[in-house]
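This document starts with one chain, in the form predicted alone, laid out as structure tokens.
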Amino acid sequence: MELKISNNTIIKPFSVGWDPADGIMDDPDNHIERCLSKLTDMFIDPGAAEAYLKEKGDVLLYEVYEKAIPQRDGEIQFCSSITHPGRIGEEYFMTKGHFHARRDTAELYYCLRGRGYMLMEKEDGEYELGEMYPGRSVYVPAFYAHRSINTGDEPLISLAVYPGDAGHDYGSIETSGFKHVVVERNGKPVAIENPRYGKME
């Protein structure tokens, strides 16, 4: 049975698969790629990011595969998120991160491969780190910006699920960044205050 709704979009049941080894979705509607050249200002050491870019080229930091599901109440968005391994100085490869445009919406990440953390931070700076490894889920509550961080040596792959009308607010992160970042110290990941918070542009 088809469901017709107010904006005349017709929803039909569908199924889709992806390989948990590489996170690539079958027949995606969108494949988003974020390379280093677009995120150099996101790192605490932009000079190190520029040097890495010149030495190793415009490496792929992360990518997302998703279906085009209407962005409205009652729907469920989902995607596969792949954060590649590497470091810029002492800071791990990461996603840009975002708030939801609707701040009062949550998100669930289920890790399929790799190791890392989900950095979750409220606008007042309160933060949590959720450990990610295969078979573990991280629940991101409403009002938390969130960023995937790969601390391992293989891709960090997760399935993300969130409300259809949650939307994304990347602009706040592009302007200010997160108040905390995750770096490697003495061979271990640790969270520190971001010395460039509020100075990302």
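One rule holds for the numbers: they count along the sequence shown, beginning at 1. This structure is a prediction, so every number in the text was calculated from the model and none was measured.
A second form of this protein, the form predicted in complex with D-sorbitol-6-phosphate (S6P), is not displayed here; the remarks below concern that form.
- Relative to D-sorbitol-6-phosphate (S6P) in the model of the complex, residues Thr95, His146 and Tyr170 are all within 4.5 Å by at least one heavy atom.
- Among residues of the shown chain, Val138 is not one whose heavy atoms approach D-sorbitol-6-phosphate (S6P) to within 4.5 Å in the model of the complex.
- Contact annotation for Val64: at least one heavy atom lies within 4.5 Å of D-sorbitol-6-phosphate (S6P) in the model of the complex.
- D-sorbitol-6-phosphate (S6P) in the model of the complex comes within 4.5 Å of a heavy atom belonging to Tyr162.
- Not displayed here, D-sorbitol-6-phosphate (S6P) is kept clear of Arg113 by more than 4.5 Å at the level of heavy atoms in the model of the complex.
- The candidate stretches are 85 to 93, 125 to 133, 67 to 75, 99 to 107, and the one lying within 4.5 Å of D-sorbitol-6-phosphate (S6P) in the model of the complex by heavy atoms is 99 to 107.
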